[in-house]
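First comes one chain, alone, set out as C-alpha cells in the form predicted alone.
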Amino acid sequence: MKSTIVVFGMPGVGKGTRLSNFLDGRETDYELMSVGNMLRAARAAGTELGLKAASYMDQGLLVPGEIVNGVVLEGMKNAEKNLITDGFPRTIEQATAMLEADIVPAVVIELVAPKDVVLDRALNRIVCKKCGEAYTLNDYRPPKVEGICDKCGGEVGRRKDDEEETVLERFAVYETDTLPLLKVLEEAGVEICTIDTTADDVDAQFEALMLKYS
C-alpha cells in the first residue's frame, strides 16, 4: 500500500494554492489526487455519477459518500505512486471507509484561517473550467493573461458555488460534517499537523511537512 498525505481544511482556506506552490516544477514521489477535480471531470463528461454529483456541488453541498467513495477508494488502492489527497475524506463516513480499506494516512496537514479571511478569499476566487487550477480576482494570484489558465489555456471564471450565501453554507457543512472526522483519524493513530495560512511563512511550514513525509 502506497503512503498517503491528507491536506485538510475548510473550503477556500488555500489547500489548492499551497499544493500548487509546493508541487510546481518539483520532482516528488507523490501524486496529487484532487477529488474536486475528479468530480468536476465526471460532471463535465456527463457520466451518471458526475450528474448526480453536480446536483449537490452546484448547491454548495457535500456530495454523498456513496458517490465519492466508489470513485476514489479503488483509485487509491491501485495507485502506482504515493498520494496527496485534497478534498478526501470530507465526512466521518468517508474517513471510516478509507480506514476500513486499510488506507491509513501518514499525516493530516490541517490548514486553518479566520472565517472572514477565508470568505474574502472565496469571493475573490476564480478557477479554470478545464483543469480546476485556482486563481484570484485581486492581485494575490491572478492568471498571467486575464481569463486564461496559465497551465492549460482553458477559460477561467467564477464557480457557481462561490457566491457568498453558498460559501457560508459550505462553512456550516464543513463544521458539522467534515471537521469531526479529524478525531476519527487521530484515534486511528494518524498524526494531525496544523498550519495557520495567515502566517508569513505558511509556504515554508507546508513545504517542511510535505518533505518530511515525502
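Don't overthink the numbering: it's just position in the shown sequence, from 1. All figures in this text were calculated on a predicted structure; none of them were measured in a lab.
One more form of this protein should be noted, the form predicted in complex with adenosine-5'-diphosphate, which is absent from this view; the next part is about it.
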property	result
Contact of V63 with adenosine-5'-diphosphate in the predicted bound form (heavy atom, 4.5 Å)	yes
Residue contact check: G36 to adenosine-5'-diphosphate in the predicted bound form, 4.5 Å heavy atom	yes
Interface membership of K15, adenosine-5'-diphosphate in the predicted bound form, 4.5 Å heavy atom rule	yes
Contact label in the predicted bound form: G87 to adenosine-5'-diphosphate, heavy atom within 4.5 Å	yes
adenosine-5'-diphosphate: the contacting residue among D161, D150, E31, D177 in the predicted bound form [heavy atom, 4.5 Å]	D161
Full three-residue contact with adenosine-5'-diphosphate in the predicted bound form, heavy atom 4.5 Å, for A113, R141 and T197	no
Which of 87 to 95, 73 to 81, 133 to 141, 100 to 108 lines the interface with adenosine-5'-diphosphate in the predicted bound form (heavy atom within 4.5 Å)	87 to 95
In the predicted bound form: members of 170 to 184 within 4.5 Å of adenosine-5'-diphosphate, any heavy atom	R170
